[in-house]
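Given next, in structure tokens, is a single chain: the form predicted on its own.
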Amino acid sequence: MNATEQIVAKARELLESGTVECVIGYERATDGVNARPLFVYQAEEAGKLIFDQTCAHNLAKYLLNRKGKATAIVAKPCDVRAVNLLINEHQVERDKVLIIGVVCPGMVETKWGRVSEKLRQACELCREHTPVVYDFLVGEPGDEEAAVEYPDVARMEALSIEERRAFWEEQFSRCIRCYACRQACPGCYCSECFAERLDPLWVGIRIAPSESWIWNTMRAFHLAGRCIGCNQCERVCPMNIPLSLLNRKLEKETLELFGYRAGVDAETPAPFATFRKDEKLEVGE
């Protein structure tokens, strides 16, 4: 059976047995070529599920709306790391989530009604094709020993401070504060975002360079040591701001300083949620 057939069969089995109340997966979008999220509650609806290289959404975000309810989720490697993040941060319960892990071939670039053969940038950089944890695996696991690399971050680091500042000023000047990045991010789940707090007022609501700079940098720092690299923020940004580049810079620093990558497991505490006296960051006394 191909990936879609395996997912359909497993979803039908889980729903018929009452193991889960809902299966979160993908269905064909109305343009006939793209994919969109699908919530299956009845076994007879499982046939709508699909999986191919257009299934770019990180479905882990939707688990936040199903806390305490038995739910199965179709999850790629980056999605599974997001599930681990939410479990680690006590947002969802592992025994309530059944993971249908999928060996990922990489997602392709898409537009409405059109599908490219070119992989998304995040998938070109990704070296993880098998989920780190799953209850049922779709596909054959591969070799996952390739080292994590950050060639895009290295190119940015090679620029002077002045050049980097000019680059980000230009990028952030285009931000329209639509918050699509926040809404798509599985790591953004606060009931009240700092950008909308009035007491204390962290950042104004007007669309201006200074406020946009604060919004984007503060959000990136809130994800430091937590971003799982799914690139959903950049995928949904209507202004094409390279948000993943900023997030990957902080991911690289966290890996080098602490040897930690978010979502690799659900038990290891994040470095910025802990303190150890033996930490030596080589930044002076």
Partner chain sequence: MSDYISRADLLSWLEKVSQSRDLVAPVKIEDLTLFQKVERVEDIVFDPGNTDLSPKEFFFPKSEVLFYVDRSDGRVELVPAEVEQETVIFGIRPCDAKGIAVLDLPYLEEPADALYRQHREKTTLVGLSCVSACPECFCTSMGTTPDDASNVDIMLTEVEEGFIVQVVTEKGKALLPEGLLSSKEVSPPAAPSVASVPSEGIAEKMHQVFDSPYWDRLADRCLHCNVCSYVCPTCYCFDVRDLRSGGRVERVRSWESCQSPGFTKIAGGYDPRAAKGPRLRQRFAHKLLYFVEKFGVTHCVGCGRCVRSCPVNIDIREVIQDVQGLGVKSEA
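Numbering follows the first chain given and starts at 1. Bear in mind the structure is a predicted one, so any value in this text is a computation, not a measurement.
The form predicted in complex with the partner chain is left out here; the points below concern that form.
> Each of Glu45, Ala180 and Ile207 having a non-hydrogen atom within 4.5 Å of the partner chain in the predicted bound form: is that the case here?
Yes, because Glu45, Ala180 and Ile207 each have a heavy atom that approaches the partner chain to within 4.5 Å in the predicted bound form.
> So which stretch, 171-179, 76-84, 149-157, 94-102, is the one near the partner chain in the predicted bound form (non-hydrogen atoms, 4.5 Å)?
Looking at the other structure, the answer is 171-179.
> Would Arg219 count as a contact of the partner chain in the predicted bound form, using a 4.5 angstroms cut-off between non-hydrogen atoms?
Arg219: no contact with the partner chain in the predicted bound form.
> Is Phe258 close enough to the partner chain in the predicted bound form to count, meaning some heavy atom within 4.5 Å?
Close contact is absent here: in the predicted bound form, Phe258 is far from the partner chain, nothing within 4.5 Å, heavy atoms only.
> In the predicted bound form, does Val33 have a heavy atom within 4.5 Å of the partner chain?
No, Val33 is distant from the partner.
> Decide whether Arg235 counts as a contact residue for the partner chain in the predicted bound form under a heavy atom distance cut-off of 4.5 Å.
Yes, Arg235 is a contact residue.
> Answer with one of Ala224, Ala70, Leu245, Ala29: the residue that has a non-hydrogen atom within 4.5 Å of the partner chain in the predicted bound form.
Checked against the cut-off, the match is Ala29.
> Let me know which residues along 100-135 have a heavy atom within 4.5 Å of the partner chain in the predicted bound form, or say none if there are none.
Counting only heavy atoms within 4.5 Å of the partner chain in the predicted bound form, the single contacting residue of 100-135 is Trp112.
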